[in-house]
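We begin with a single chain expressed as structure tokens, specifically the form predicted alone.
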Amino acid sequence: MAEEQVVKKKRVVDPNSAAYKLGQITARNYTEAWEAKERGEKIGWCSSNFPQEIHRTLGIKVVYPENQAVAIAVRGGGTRGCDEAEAEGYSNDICAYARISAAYAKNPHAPEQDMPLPDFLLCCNNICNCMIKWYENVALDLNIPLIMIDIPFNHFYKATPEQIAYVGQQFRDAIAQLEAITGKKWDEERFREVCACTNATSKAMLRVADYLQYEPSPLAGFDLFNHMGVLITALGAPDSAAAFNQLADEYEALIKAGRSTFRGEREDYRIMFEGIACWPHLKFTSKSLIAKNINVAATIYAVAATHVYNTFDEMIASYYTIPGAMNLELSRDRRVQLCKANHVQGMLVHTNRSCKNWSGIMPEMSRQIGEICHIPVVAFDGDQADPRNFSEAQYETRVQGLMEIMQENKAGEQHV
């Protein structure tokens, strides 16, 4: 008897759907950078939370090493990139994004996601100070200029006028440096247009995320991770807001039809997923929750790159509210507000070996969130891009424990 041939069906995405359009916007960023490079224009590598209003106003094409590292990790190349960096002497304690990027700068080819080498670098340390050394090393290796905006960790609940003035001057200095490097000129009218698009896209994505408040939710919270790339690469693009608003409309239609993108049998439990996605194991971490009818109903990470503001000073202040730059009190209060609004019953924390700045305050912060919201909190070890720092068995054990506590809590509520 001949062996049965198993043929995997390729997932077909409706080209008229919001998900398809958002995917095309992300892909377009790479295409436009390659085309600009071929025309002889200077292109850059940019850290994810560098003020994108600057380079988009100037019409300069940039690509994002963090996004590339995610693509490489999701598609199975994370170990190779980390191994290559470690062979060059980089410690495996360094952020996996940085290791993958350093390896690519030395050997610029990755079958998972190629992107052009830069002529300059744009760096902002409101994520972490590892970013500074990462970009300094790439600048040294490639002998190219590095433009740096320093946004220090914010120990206050709101950015002070002095902090805003400090970063505002750097904003203007970065513009002058880019004008000198690229020959392109700043245009105030164009700047206002970009700011309007940034606000519209941010509001549209926040509208999408608000649908997680519904019980049951019309979407699986992990779905939002698939669309984050647009926030990083095309927040100020004119078509991004329309695509996100279409996505929100699609979720509205699912509510009316009594349907959801969540693939569990039903939504028994709603949790906050805290931290950066464990990209190399995204499918496993998601399916494990789905199998237990647990939906991610809240995440700070998916909307971290949104910026809503009215004035120049408010724009600068917004870049002080990136998760890595906020103090514990403000970070805690934002998560508490989200947990309460989205009716969360538990919290699953990714203790991310790569992101020490984010993960370092999580034990105390999550303890406080658990007490304030009266929800159980469990943590698992992982990594945003290095697949070697994750254990399926540990993850399953922690998720099972979280589910059992939520199950007991629900049973107790029903008997009250």
Partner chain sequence: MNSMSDERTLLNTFHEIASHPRRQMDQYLSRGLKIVGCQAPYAPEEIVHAMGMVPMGLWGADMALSEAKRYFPTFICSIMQSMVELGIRGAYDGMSCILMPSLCDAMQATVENWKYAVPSIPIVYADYPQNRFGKAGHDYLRATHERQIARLTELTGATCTDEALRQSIEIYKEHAETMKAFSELAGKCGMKPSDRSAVFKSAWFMLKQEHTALVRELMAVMKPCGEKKIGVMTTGILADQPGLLQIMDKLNMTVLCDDVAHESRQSFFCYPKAETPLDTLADKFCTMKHCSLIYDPQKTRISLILEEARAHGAKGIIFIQTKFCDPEEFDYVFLKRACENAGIPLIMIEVDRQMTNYDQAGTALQTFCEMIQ
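Residue numbers count along the first chain shown, from 1. Source: prediction; values computed, not measured.
Just so it is clear, the following notes concern the form predicted in complex with its partner chain, a form of the same protein that is not shown.
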query	finding
The unique member of 83, 314, 215, 136 whose heavy atoms fall within 4.5 Å of its partner chain in the predicted complex	136
Residue 166 within 4.5 Å of its partner chain in the predicted complex, heavy atoms	yes
Its partner chain contact at residue 371 in the predicted complex, heavy atom, 4.5 Å	no
Contact label in the predicted complex: residue 339 to its partner chain, heavy atom within 4.5 Å	no
Touches its partner chain in the predicted complex: residue 103 (any heavy atom, 4.5 Å)	no
Residues 88, 140 and 356 all lining its partner chain in the predicted complex, heavy atom within 4.5 Å	yes
Listed range touching its partner chain, judged in the predicted complex by heavy atoms within 4.5 Å, from 154 to 162, 75 to 83, 257 to 265, 279 to 287	154 to 162
Heavy atom contacts to its partner chain in the predicted complex at 4.5 Å, residues of 357 to 376 in sequence order	357, 359, 360, 361, 363, 364, 367, 368
